[in-house]
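The chain below stands alone and is given in structure tokens; this is the form predicted alone.
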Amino acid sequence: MANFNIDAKAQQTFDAIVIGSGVSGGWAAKEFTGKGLATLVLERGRDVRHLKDYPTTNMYPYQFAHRGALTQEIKTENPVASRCYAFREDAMHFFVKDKEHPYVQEKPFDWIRGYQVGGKSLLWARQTQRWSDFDFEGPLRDDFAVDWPIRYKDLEHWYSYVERFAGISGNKDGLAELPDGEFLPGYPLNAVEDHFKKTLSGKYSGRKLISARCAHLSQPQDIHLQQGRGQCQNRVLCQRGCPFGGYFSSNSSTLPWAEKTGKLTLKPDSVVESIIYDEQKGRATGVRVIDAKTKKTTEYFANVIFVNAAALNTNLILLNSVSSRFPEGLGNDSGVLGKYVAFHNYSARVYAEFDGLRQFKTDGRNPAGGGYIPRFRNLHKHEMDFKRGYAAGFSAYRGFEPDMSGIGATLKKNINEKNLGPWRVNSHMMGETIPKESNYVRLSKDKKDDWGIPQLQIAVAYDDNDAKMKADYLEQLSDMFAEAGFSNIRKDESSQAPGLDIHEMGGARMGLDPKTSVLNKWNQMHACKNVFVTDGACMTSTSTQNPSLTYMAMTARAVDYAVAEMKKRNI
């Protein structure tokens, strides 16, 4: 019988375990397997395979029962998920429904999740900007959170490394606050977006509109063709899953690449309950997993563990990984695990119309989403009555306005003629929020999920700094719209709760001092050297840029370090 136990443990033992298969988990899998390590990837959701499991990707609008809209019943059953822009009839199968994994809202928080192989990489908006030292030096300069243990130079090589493989479209804009990358050709601004760009350049110092940088193959290179991916077809149906592999996802890129090595074991429907810590060895030895369907518990073992379950679920797993050594959660000697959670503030928009440039017969859309205004407030020094700043998206498009006049054959003829209406323009705010101890997640003391794991209790809220920043955004963008000759300018201050921005970060932050942080400069736990966190939970601050590219770069860098340390027998 003992031999059977030994054999079973051998079958459950790997060189590396990666928890989560989204943007960062997929990269960890690719890097570990590429370096020859037998790697287990655990995903709590169902299996989703590229091409095979995109059921709506080629459907026409008339093939949807409700033409893409949600029924009132679905909205009522999913008051949180249905607030997400992509939760529609064509993509809601990629979202966690509200009843499937409840959580406790100590303060209102919209937790948007995608439990499947690939995670939210099937759903993300694909915006990819590098951070700069304006971001990494922010907490030290402006006296909040703790100092980042890294600077731009530490990630510069790794940004280039992941950009070349993922495929990022963009232009060389020469901005210190938004470093250039390894770009495929950028998507051009349309006529109205270009008009707005010229207005900013002529009327405002330090304010620029650039073509948005995004993870789309505008012109595939050999490395992308080797992945089996093809050119983006500009369908702008990305949330359905792309049959061309035109945008980057774990499903079309990193996971198939890892699978080709023969070193990958992927286990969907695997809910990680906790990380196992061996008191005598003084290290983590594996993970405890509950089968999502059968509820059977299995333990898997490895020399190194990467936690990439997405920011809040990573916090949940670490907080639930208790032992005599770590009674308050794995690696939590500092007491900050679960605290200093921050997010991006997307709760303001400005809309308007433009009556010019009607000679262009296009709706103006492209998969990059239009333009991007990098942060211009408090950039070189603190000069406002709020800390940090905001970036902004900007896009222009034309809708069709059917002619409903006439009757009979005349009416039919008029309806079938597609008449373009006026240009409509809009901007959305992407504000940096300040990590605070009062913004935290913790385990519920009395509520458990279907797998017997404590539910996550979330207490995250806006503050006065956010309100002041939002007011400035609304004022400045409205003024900029007026300068551009836009009309019917409307400010929209959303009442949405935090979380709907889908960029939650922190809780297991990086830092120089083990007394005030969970991770060191390599994303490695100060107190448990063979556990690494490279998803949003690791972030010390949020900046204004979309974070996914930084997660990818950090993951590739951390795996490279971890493997080197394993060879030295340091972990």
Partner chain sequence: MGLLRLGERGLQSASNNLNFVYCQANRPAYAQANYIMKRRTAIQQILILAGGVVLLPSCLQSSGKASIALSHLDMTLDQEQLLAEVTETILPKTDTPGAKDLKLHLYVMKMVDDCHPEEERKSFLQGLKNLDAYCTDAYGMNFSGLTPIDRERALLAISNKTQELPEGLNEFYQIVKNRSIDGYLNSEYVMKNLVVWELVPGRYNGYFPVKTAKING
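Throughout, rigid core stands for the largest set of C-alpha atoms superposing within 1.5 Å between the two forms. Keep in mind it's a predicted model, so treat the numbers as computed, not measured. Positions refer to the first chain, counted from 1.
We do not show the form predicted together with the partner chain, though everything after this point is about it.
Trainee: In the model of the complex, which of the listed residues (Val96, Ala191, Met480, Val146) lies with a heavy atom within 4.5 Å of the partner chain?
Mentor: It is Ala191.
Trainee: Which residue, Gly230, Pro454, Gly335, Gly421, is the contact with the partner chain in the model of the complex, using a 4.5 Å heavy atom cutoff?
Mentor: Flagged contact: Gly421.
Trainee: Name the stretch, out of 202 to 210, 155 to 163, 411 to 419, 338 to 346, where some heavy atom lies within 4.5 Å of the partner chain in the model of the complex.
Mentor: Contact criterion met by 411 to 419 only.
Trainee: Using 4.5 Å between non-hydrogen atoms, is Glu437 touching the partner chain in the model of the complex?
Mentor: No, no contact at 4.5 Å.
Trainee: Contact between Phe360 and the partner chain in the model of the complex at 4.5 Å, heavy atoms?
Mentor: So Phe360 counts as contacting the partner chain.
Trainee: Can you tell me whether Pro374 touches the partner chain? I mean in the model of the complex, with a 4.5 angstroms heavy atom cut-off.
Mentor: No, no contact at 4.5 Å.
Trainee: With a 4.5 Å heavy atom cut-off, would you call Gly36 a contact of the partner chain in the model of the complex?
Mentor: Contact check for Gly36: no, nothing within 4.5 Å of the partner chain in the model of the complex.
Trainee: Going by the partner chain in the model of the complex, which residues of 399 to 417 come within 4.5 Å of it through any heavy atom?
Mentor: Read in sequence order, the residues that approach the partner chain (within 4.5 Å, in the model of the complex) are Phe400, Glu401, Pro402, Asp403, Met404, Ser405, Gly406, Ile407, Gly408, Ala409, Leu411, Lys412, Ile415, Asn416, Glu417.
Trainee: Once you line up the core, how about Asp446: does its CA shift reach 2 Å between the shown form and the other one?
Mentor: Shift of 2 Å or more: no.
Trainee: Does the distance between the two CA positions of Gly485 reach 2 Å or more between the shown form and the other one, the core being superposed?
Mentor: No, its C-alpha moves less than 2 Å.
Trainee: Do you see a C-alpha shift of 2 Å or more at Lys412 between the shown form and the other one, with the core held fixed?
Mentor: Yes; that C-alpha moves by at least 2 Å between the shown form and the other one.
Trainee: Work out the direction of the Cα-Cα change for Gly364 and Arg349 in the model of the complex: closer or farther than in this form? It's 3 angstroms or more.
Mentor: Result: farther.
Trainee: Between the shown chain and the other structure, the Cα gap of Gly393 to Lys361 differs by 3 Å or more. Is it closer or farther in the model of the complex?
Mentor: Those two alpha carbons end up closer in the model of the complex.
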